[in-house]
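Read the single chain below, which is given as structure tokens and is the form predicted on its own.
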Amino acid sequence: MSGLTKILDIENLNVSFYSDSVKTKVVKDISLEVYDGEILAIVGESGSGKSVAMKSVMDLLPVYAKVSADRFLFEGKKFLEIKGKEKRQILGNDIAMIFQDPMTALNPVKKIGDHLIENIRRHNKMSKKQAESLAIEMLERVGIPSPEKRMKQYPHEFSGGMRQRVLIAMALCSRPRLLIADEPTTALDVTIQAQILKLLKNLHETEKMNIVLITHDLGVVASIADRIAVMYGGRIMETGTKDEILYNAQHPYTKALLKAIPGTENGKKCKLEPIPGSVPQMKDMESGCPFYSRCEHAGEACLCEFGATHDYSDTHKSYCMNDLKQLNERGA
């Protein structure tokens, strides 16, 4: 994707947790780019390291976490080297994050209007009246009816979908360059999921907002993502455009995820093919391919090394010790 501006540029990001002098790597040598004008989806099972990787961008990891990277740039700035007020300014104004459970992200004894006004005034030099006016405008923009009335209500008086819209409105108040959406539709029914995804897509287009969408559901990203990164066991297994991942997946893990999506073929319902086994503990995946114990094509080399790089286009890469071309020709 030469010629496009990189908003976020990360190379070989590692995140380790330290407990009782024991070091556990939970994100291992991942490289990601977010280009200006795109939506990047990071997909994988729970526990694959998606949220941890993005919380390192937001500086939201616990004190026992250590972050390192060969390159970590936000709009060309060396992000890990930025400290104090300058970093808070970037995180407040240029990068925002919405979380998967809006009820725990909102203070139950504080009115919705107070949440928004406090957030606006923290990052903008505004009077309370100006902040209130902007808060009402943001609630209206995310599709909340009667915003003046809603400003005076508490989180428990909102539905799950409406609470999620409130969090999106809070993120929009500073008009960030990058919005990280961490499983924003997980706790919602399918109808509300579609509404929230449509809202994010609309904001991406109208506000020129770049989005990183974290999800465990490949079906969710089909309607919204430009590119997809597939994660497992703290590593990126495959990256590519939406069409490359959904219609030309190469890595055994990506293909297994796709087979686990409900669907139809020739008008008939397809039988789901669950991935055998379960996600191993991070401490058990220090070396080799993390998918080794669940992959039917795994060999001895997979136990020792993570994976060779297979390039299929400028945008499509996969990481596996197997000869993927040979596997795919056999229909594996």
Partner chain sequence: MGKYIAKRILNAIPLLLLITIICFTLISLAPYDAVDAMTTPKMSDELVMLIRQKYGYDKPLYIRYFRWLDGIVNGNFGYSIVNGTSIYNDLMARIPNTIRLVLPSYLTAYILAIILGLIAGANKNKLADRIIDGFSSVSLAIPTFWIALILIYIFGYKYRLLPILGMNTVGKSGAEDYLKHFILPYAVLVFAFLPGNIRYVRSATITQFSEDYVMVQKAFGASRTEIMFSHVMKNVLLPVVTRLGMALPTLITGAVITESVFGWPGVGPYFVKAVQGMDYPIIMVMLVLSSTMVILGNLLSDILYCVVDPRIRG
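Numbering follows the first chain given and starts at 1. In this text, all values refer to a predicted model and were calculated from it rather than measured experimentally.
FYI, the form predicted in complex with its partner chain isn't displayed, but the following is about it.
(request) Although its partner chain is absent from this view, report whether K28 comes within 4.5 Å of it in the predicted complex, heavy atoms only. (result) Flag for K28 set to no.
(request) Report yes if any heavy atom of P108 sits within 4.5 Å of a heavy atom of its partner chain in the predicted complex; otherwise report no. (result) Because a heavy atom of P108 falls inside 4.5 Å of its partner chain in the predicted complex, the answer is yes.
(message) I'd like to know whether T104 contacts its partner chain in the predicted complex, with contact meaning heavy atoms within 4.5 angstroms.
(response) Yes.
(request) Although its partner chain is absent from this view, report whether F99 comes within 4.5 Å of it in the predicted complex, heavy atoms only. (result) Flag for F99 set to yes.
(request) Please state whether all three residues K55, M58 and R122 have a non-hydrogen atom within 4.5 angstroms of its partner chain in the predicted complex. (result) Result yes, every residue of the spot touches its partner chain.
(request) Would you mind picking the one in I211, M162, V221, M170 that has a heavy atom within 4.5 Å of its partner chain in the predicted complex? (result) For this set of options, the contacting one is M170.
(message) Using a 4.5 Å heavy atom cut-off, which residue among K83, H156, K149, K128 comes into contact with its partner chain in the predicted complex?
(response) Partner contact (heavy atom, 4.5 Å) among the options: H156.
(request) Please determine, with the chain shown alone, which of 74-82, 202-210, 109-117, 249-257 has non-hydrogen atoms within 4.5 Å of its partner chain in the predicted complex. (result) That would be stretch 109-117.
(request) Let me know which residues along 229-259 have a heavy atom within 4.5 Å of its partner chain in the predicted complex, or say none if there are none. (result) Going through 229-259 in order - heavy atoms within 4.5 Å of its partner chain in the predicted complex - there are no hits.
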